[in-house]
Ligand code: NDP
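Listed next as structure tokens is one chain, alone, in the form predicted alone.
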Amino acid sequence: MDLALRNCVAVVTGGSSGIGLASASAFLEEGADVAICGRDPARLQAAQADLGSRFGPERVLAACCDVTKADEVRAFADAATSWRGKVDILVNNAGQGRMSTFADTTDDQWREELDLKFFSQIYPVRAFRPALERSRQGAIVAVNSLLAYQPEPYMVCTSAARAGVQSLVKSLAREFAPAIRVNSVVLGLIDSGQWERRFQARENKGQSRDEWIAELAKSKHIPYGRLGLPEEVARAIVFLASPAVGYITGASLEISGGVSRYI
């Protein structure tokens, strides 16, 4: 299938590792040029070098940016828009989870988590909206968590924030139509650096990674029997962002290996 992404410009926040880096790579494979941002200069430089070596350095722009700081996001948006004269796609990918119950989450931690989850979406959308409206195929994809629909008591703060972000995405899809499509992916457990660190810290050092993952998936009741891969998420993001599915907006695509219990 031709996703009609050749000569498009995609922006991926949190693009220096994990799902963000995999998404940048997938967009480049489909013919789009990609601008990525991240907070860690060394990791960002490594990502830019990796992508540039595989797809050509002229097709990749990388900038240090904290997406919870409006001035840094505006500067990144100006640089990305000037780079190719346009932006067609925005992938909002930044943001991690906080493990805490209601009883042990302080007011400051609530504010920090809500600020991160909401403004990592709000600031990039606000900064890139003019360019996306000028594009004839503007699209936003928000990377969210299954916690938005299926909250966990040990992640009460993150679950609440994720639900709010999902409501925001739905609202934006209606407000921005038909100029900009807005969709989301909601994720279950995806293999990432945190799971590699937990594997390295496992008690049974004789256990292989595949065995450890299988045991983890069983304990988490994942029907598919494993964690998802960043590349699997990336392909879904690229699909939702592409002009090939130009009538899809306000939708959420679950990528969880069947772990969800909601309808």
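Whichever C-alpha set is largest while still superposing within 1.5 Å between the two forms counts as the rigid core. Note that residue numbering follows the sequence shown and begins at 1. Quantities reported herein were computed from a predicted structural model and do not represent experimental measurements.
Heads up, the form predicted in complex with this ligand isn't pictured, but that's what we're talking about next.
Q. Taking P130, V169 and L240 together, does each of them reach this ligand in the predicted complex with some heavy atom inside 4.5 Å?
A. None of them does, since no heavy atom lies within 4.5 Å of the partner.
Q. For the chain shown here without its partner, which stretch in 25 to 33, 201 to 209, 52 to 60, 66 to 74 has non-hydrogen atoms within 4.5 angstroms of this ligand in the predicted complex?
A. Residues of 66 to 74 come within 4.5 Å of the partner.
Q. Given that this ligand is left out here, which of L187, V156, I122, I180 has a heavy atom within 4.5 Å of it in the predicted complex?
A. It is L187 that has a heavy atom within 4.5 Å of the partner.
Q. G85 near this ligand in the predicted complex, any heavy atom under 4.5 Å?
A. Heavy-atom contact with this ligand at 4.5 Å: absent for G85.
Q | Partner proximity in the predicted complex: W195 to this ligand, non-hydrogen atom cutoff 4.5 Å | A | Yes, W195 sits close enough to this ligand in the predicted complex that at least one of its heavy atoms falls within 4.5 Å.
Q: Spell out, yes or no, whether the shortest heavy atom distance between T249 and this ligand in the predicted complex is within 4.5 Å.
A: The answer is no: T249 has no heavy atom within 4.5 Å of this ligand.
**Q.** Contact label in the predicted complex: K220 to this ligand, heavy atom within 4.5 Å
**A.** No - in the predicted complex, heavy atoms of K220 and this ligand never come within 4.5 Å of each other.
Q.
Do any residues of 47 to 61 have a non-hydrogen atom within 4.5 angstroms of this ligand in the predicted complex? If so, which ones, in sequence order?
A. Sequence-ordered list is empty.
Q.
Given a core-based superposition, decide whether the C-alpha of R209 shifts by 2 Å or more between the shown form and the other one.
A. It does shift by 2 Å or more.
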